[in-house]
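What follows is a single chain, given as C-alpha cells, in the form predicted alone.
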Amino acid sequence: MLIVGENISVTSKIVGEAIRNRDARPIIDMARAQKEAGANYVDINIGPATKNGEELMQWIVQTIQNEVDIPLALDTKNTSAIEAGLKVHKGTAMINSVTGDKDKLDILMPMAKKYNAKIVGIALSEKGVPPDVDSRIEVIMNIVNAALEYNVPLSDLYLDPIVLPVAVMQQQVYNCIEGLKAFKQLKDLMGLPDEPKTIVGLSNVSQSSPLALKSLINRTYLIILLSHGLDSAICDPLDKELMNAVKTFDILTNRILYAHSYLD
C-alpha cells in the first residue's frame, strides 16, 4: 500500500510557525521521520496560500527534497502554487487534490499531464460532500472522464471516496466503504483501459473522537478499507500500531513473505 505521510500541515502549530519564519529544520525533520517510518510520499499542506503561495510552495518543496529523498504530495487550493511546486519538484509528484468541478478539472488535469504527476480525484463538488454512494460515483465518473479527456494515465489517478468523522457522521463512514467498493468496479462499468487507484484521508474518520480512541479507530477502519481493495492512504506513519496493522494485513493476505521478525 502507498503511504502518504500527513504530518506537514500548516494547521500544525509547529509547521505553521516554521513556515512563517522560513525555518527549514522542523519541516526537514518531520519529512525524514515520516520516510523512516515507512511513508512513500509526504504531503505538504500549505492551506489556501492566497499570499505568496507560489514562493512558499517552491520553498517547502526544495527545503525538503534538498535534504530528504522522497516525493511529495502538493496540497493547496491555490492552483498556481501547485504548478510552482511541480516546476521544482524532483521525481513524480502527487497533486492533492482535484474535485469534480469542471473549472478545477480543466486546470489540474492538464497540469498533471504536463508534469507527469499523480493526481488525487476526490468525490467532492461545489455542492459539498455527496449525500449518498450514487452521488459519489457520479462525481468520480466526471473526474475519470476528465482524466481520459486530458490523457492522464488512469494508473496515476487516485480516487478518494471521502472519509468523514464517525463521531459526527457515522452513516457517511459506511458510505465511504460502499463508495470504495464501487470505485473498484469502474474499470468494468465504464469500459476503462486501466483501473484507477484508490486513496483516503484516513485520519478524518477519528476527528472529534477522544484522543485515546483515535489510533484504534484509524487502524481498524484502514483494515476494513484494505480488505475492499484500498491502494493508498494519507495517514500518520509515525503511528506504530497503524503501520504494524498494515504490515500484518500484508502478511495475512499473502502480499509479503512471513517471518517472525516482519515487524522489525
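All values reported here derive from a predicted model rather than from experimental measurement. For every residue, the number given is its place in the sequence shown, counted from 1.
The same protein has a further form, the form predicted together with another copy of the chain, not shown here; the description that follows concerns it.
Engineer: If contact means any heavy atom within 4.5 Å, which of 203 to 211, 62 to 70, 30 to 38, 49 to 57 contacts another copy of the chain in the model of the complex?
Structural biologist: So the stretch in question is 203 to 211.
Engineer: Applying a 4.5 Å heavy atom distance criterion, does residue 253 contact another copy of the chain in the model of the complex?
Structural biologist: It does: once another copy of the chain is placed as it appears in the model of the complex, residue 253 has a heavy atom within 4.5 Å of it.
Engineer: Does the 4.5 Å heavy atom contact test between residue 144 and another copy of the chain in the model of the complex come out positive?
Structural biologist: No - in the model of the complex, heavy atoms of residue 144 and another copy of the chain never come within 4.5 Å of each other.
Engineer: Taking another copy of the chain as it sits in the model of the complex, is residue 223 near enough to touch it, meaning that at least one heavy atom pair lies within 4.5 angstroms?
Structural biologist: The answer is yes: residue 223 has a heavy atom within 4.5 Å of another copy of the chain.
Engineer: Taking the shortest heavy atom distance, is residue 14 within 4.5 Å of another copy of the chain in the model of the complex?
Structural biologist: Taking the distances in the model of the complex, the answer for residue 14 is no, it never comes within 4.5 Å of another copy of the chain.
Engineer: With the distance limit set at 4.5 angstroms and only heavy atoms considered, check whether 173, 177 and 244 all reach another copy of the chain in the model of the complex.
Structural biologist: Yes, because 173, 177 and 244 each have a heavy atom that approaches another copy of the chain to within 4.5 Å in the model of the complex.
Engineer: Any residue of 133 to 168 with a heavy atom within 4.5 Å of another copy of the chain in the model of the complex counts; write them all down in order.
Structural biologist: If the 4.5 Å heavy-atom criterion is applied to another copy of the chain in the model of the complex, 133 to 168 yields 166, 167.
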